[in-house]
Structure formats: structure tokens, C-alpha cells
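Next up: just one chain, as C-alpha cells, the form predicted on its own.
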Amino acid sequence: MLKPLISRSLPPALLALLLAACQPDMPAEVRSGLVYCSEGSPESFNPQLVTSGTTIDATSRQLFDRLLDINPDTGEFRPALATHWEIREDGLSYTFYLRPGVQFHQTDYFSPSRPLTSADVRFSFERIMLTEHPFHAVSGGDYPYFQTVDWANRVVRIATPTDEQVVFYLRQRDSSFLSNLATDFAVIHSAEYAQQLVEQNQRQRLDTHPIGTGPFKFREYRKDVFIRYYRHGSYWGEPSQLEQLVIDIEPNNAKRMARLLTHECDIIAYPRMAELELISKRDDVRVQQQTSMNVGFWAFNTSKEPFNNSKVRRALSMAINRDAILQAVYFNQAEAATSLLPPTSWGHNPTLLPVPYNPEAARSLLAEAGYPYGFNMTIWAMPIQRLYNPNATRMAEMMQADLARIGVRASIVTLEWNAFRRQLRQGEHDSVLLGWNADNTDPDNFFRPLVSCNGVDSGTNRALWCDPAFDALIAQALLTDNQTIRRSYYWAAQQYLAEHLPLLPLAHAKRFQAVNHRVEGVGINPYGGIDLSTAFKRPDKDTP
């Protein structure tokens, strides 16, 4: 049951869109499958190359598998492509035993001659860690998640003693290693397909025309229009009941909602909070919700003045009326954040208090920092809706008004999503509203990507904040498997972040998705992207 939401009438534009027909570019034959309406186009069809949730949702669990997965109900590891694994007592080697007979996709551009072997696992990860690897520099040579966890330095080598065995040798103990292998980024590619592409001089197709072992196989992509997948009939797990899966790409929130209500979409990603009350009252739609491991935050570009001054960052943080944001942007379907780690994480520090809303103190602190008359700045707002920030533009507008009260003149920047991310990577922003959704249960999944020195280099640390003292804290936490000791380091790390404020944690939001009443077998994974392989549609009794 949804908590009561703020009641508001629908704008005329949305009412008109609810009657709108599907875009003319959509081919008629997709009606026979499940249609998932997404908020944006993928940056790649290789999850190793990105950290974007939009790309992960579209690709990772639809096309690929990992050595192991995380049980969404318990948070525990469970077998996937590996049936079991062994860890040496000193923690310096991990041996995985592969599931026999796992078949890769057969498509019109590749026909596999063999099932999965350890050579495929070695290929998939050596591409990331070895700069001399023939595929390392393909598609730019950036592997942002793996760069943040320092994969190339932590893994000494990968051995394949048999076709069914693969061994990872580590430089030092890493208590997050299994968690990293269970993320949506740690997918397994076909080494045989890669060799075919080398011979055809088409290496880049590995990332644009994917071959995996997942429940669906790639068929067609029209940028900014749709993606079409077909069922992988030889899938090692339970085959999907869907003949095909179509991801309909529509950045406009109102149009996505219109397509759901006219039954042109079966599932929509990230329905607007303002519309949840409306659709939850309909008989033909179900609203699903899940407490999710995520955080929305406001990151300051600490490589620029005056944001390299912690007093300025604190003053800006104290100027923001977070309670108003929780009501107007999240519709009270989120919890105020005191840390990057959500309260459901075992590493969360419950002693931390939120930065207080105090405009007068903020103005005094600005003057103390040398800015009595304020300054000009930009707030970059995501152009798409994500669970950790359902309306970044609205949030930026509210912040703009808050900052004006302390003499700071903020302008709002928003761009097309891929251009937005590209210019962020170049450090052109003063500040940005973003967030993170956890890929596993380990606290390290928040810290190293978002606020480590490696995160600066990989482009996931949007605050561009590099502090060796902080990195030392989170590095120590990886050297032991004792959760109590690890927790003590993570508590200290969170306290350190609260004192320096390279970014301001804002909220931990619930995740919602809206589903046609005929769709069953699909839920929300609190630890990663959506898995549509278990979805199916009940027959419509009104259909002749």
C-alpha cells in the first residue's frame, strides 16, 4: 500500500498525452512481446563500459550472466555461471567451478561452436586489466566501475587450469571481491565471438552487437526509439516465457505514462511521484515499490574555486531546505540521508546527524570563507528521471531559490543525457545533482566509486575529491573479513565525509515501477538492474 501522496490535479498536457497513440516509428510486430518503457538510450551494450543505470537496466540482466549473483530477498551470494567457489585461507586466490553446457547466443551474426569455458571468463576480465589486451582500448578503454575498485592492481593474474575451472590470484586480501563479481558490470563475454571479430576487423561490434549467455539475445536497435531482443531458447536457466522483449525508449515522463495507460507499454521505469496516486487507483495498473539501496546527492566540483573550500561547501549545504525537497520532489517517499550509506546497509553510521537547514548561519559562514556577497555558480540537473532523484530539474529550481537567500546566484544546466555525462566527465560543472544505486550489499560499493581517488580517474567521482586519508580508511576495511572491524572503518569514513562534505547526501528513495495488470513474474531488485526474464503476460479475458 502506498503512503498517502500529495494530491494534485494532472496538468492539461498530461491529460492530452494519456490519449496519445504510440510513436509511428514503433514496428507493429513488437506487440507480440513484453514492452518495457525506458527513460533513455543505452550508452553501450557492454555493461563493463558504463555505470549508467539506464544502460544497466537495458542490458546486463537481459543479455548476460555473471559468475555469481545476489539473492534479492536475502542479500546472500548465489551460484550463476559458477556452481560453487573456493577461497584460499589467506584470501589471495578464488577458484570458480563453471556450470557445464552453458550456451552462448546464436544470432544472424554469430554461431557459437562450443559452450562457455574458463577461456571466456579469462577473456572478459583480462580485457579490463591488461592494457596490451587486443580489446582493452576498443570503445575507449574505460571501465569505470572496475577502475574505481582498482581491479587491474588487485588481480595479479587469472589462470584456467581446466575448461571448467578459473582462478583469480589477488595481490592482497579484498573482502569486497565476491561482491564486485556479483555486480551488474561483471558480465561474461564470448572469447570465440571476440576472435571472430578480430578476423573480421570489427572489434567494436563486441560492444554494439552483444553476445552473452543471458535469457535474451540481441536483435535490433534504433537509437532513441527502441531495442528488440528475442528469447534465448538454449538458456541454461529457466527459459523466458516471452518470445521477444522490446525496450521502448521515451525520455518524456508524461509520454511514458500515457503509453502505460493506453496499454502500449507493459512496464514503465520510474513513474513520476506526482502520478503514483492516480495510477494506483486504476484496475489495469499495479504499482510496485521496494526499499532500495540508493542515495541521491549534490556533488561539488572540489577542483574549482570556491568549491575547494570546505567552509563554502558547508555553507551551501546549510542553505538547502531538505524537508521541502523531500516533500515536493520525493512526495515523502524517501528518507532524509545523513550519509552515502542507506540505513539498511550494515555499514551505516547511525550516530550521524543531517546538515542543519540554517540560512543565517550559512551566510555567516560564506562571509568567513571570504564571500560576503556570494558568487555565481551552476547546478547541473539530470535530464532523466532516476529512482534516487525523480525530478532533478525541480530540485535544482528549489535549490536555486534557497541559495539566492544567502546571496549565491545559481543557474541551472541540463543537457541531453549522453552529452550531460560526457561534459560531467570533463569537469565542466560547478555542482551536480546525481545519485547511486548499489549493485551489491557491500558498503565499499558506495565509497570507492563516489568519493575515492580512483573514482576521480574513472569519472564516477563527480566531486573530483581525492583525499589520501579517506582512501586509507576504506582500504583498511578491505583487508579483513571481520564485519565488526570493517564496520568501524566505515563509520570513521562516514564521519570524515560529514566533516569535509565533498558532496551532500540528500535522500534514500524507494524504487517504484508501474506494471500492466496482466504482467506477472517481475519485481524490483534492491541491488541492481531489472530482470525481465521471469516476466509473463496473463491472457486478457476481453481479447477475442
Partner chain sequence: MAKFQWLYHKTEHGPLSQLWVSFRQQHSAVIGLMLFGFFTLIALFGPVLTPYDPYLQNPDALLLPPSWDDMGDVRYLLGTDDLGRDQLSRLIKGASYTFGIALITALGAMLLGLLLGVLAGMSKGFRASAFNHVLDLALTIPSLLLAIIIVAILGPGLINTIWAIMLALLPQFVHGVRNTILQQLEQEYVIAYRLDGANNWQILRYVIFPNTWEQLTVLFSMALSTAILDIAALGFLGLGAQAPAAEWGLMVADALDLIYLSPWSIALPGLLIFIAVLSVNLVSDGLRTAVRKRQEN
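Positions refer to the first chain, counted from 1. Note that this is a predicted model, so its numbers are computed, not measured.
What follows is about the form predicted in complex with the partner chain, which we do not show.
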Of 81-89, 128-136, 186-194, 392-400, which is the one stretch near the partner chain in the model of the complex, taking non-hydrogen atoms within 4.5 angstroms as near?
392-400
Going by heavy atom distances of 4.5 angstroms or less, which of L261, L170, M318, L424 would be at the interface with the partner chain in the model of the complex?
L261
Taking the partner chain in the model of the complex as the reference, which of N252, S113, T351, T74 has a non-hydrogen atom within 4.5 Å?
N252
Candidate spot I384, D430 and V432, all three touching the partner chain in the model of the complex (heavy atom, 4.5 Å)
no
L473: heavy atom within 4.5 Å of the partner chain in the model of the complex?
no
At the 4.5 Å heavy atom threshold, is Q288 in contact with the partner chain in the model of the complex?
no
My question is simply whether K217 lines the interface with the partner chain in the model of the complex - judged by any non-hydrogen atom within 4.5 Å.
no
Any non-hydrogen atom of A324 within 4.5 angstroms of the partner chain in the model of the complex
yes
Neighbours of the partner chain in the model of the complex among 292-307 [non-hydrogen atom within 4.5 angstroms]
none
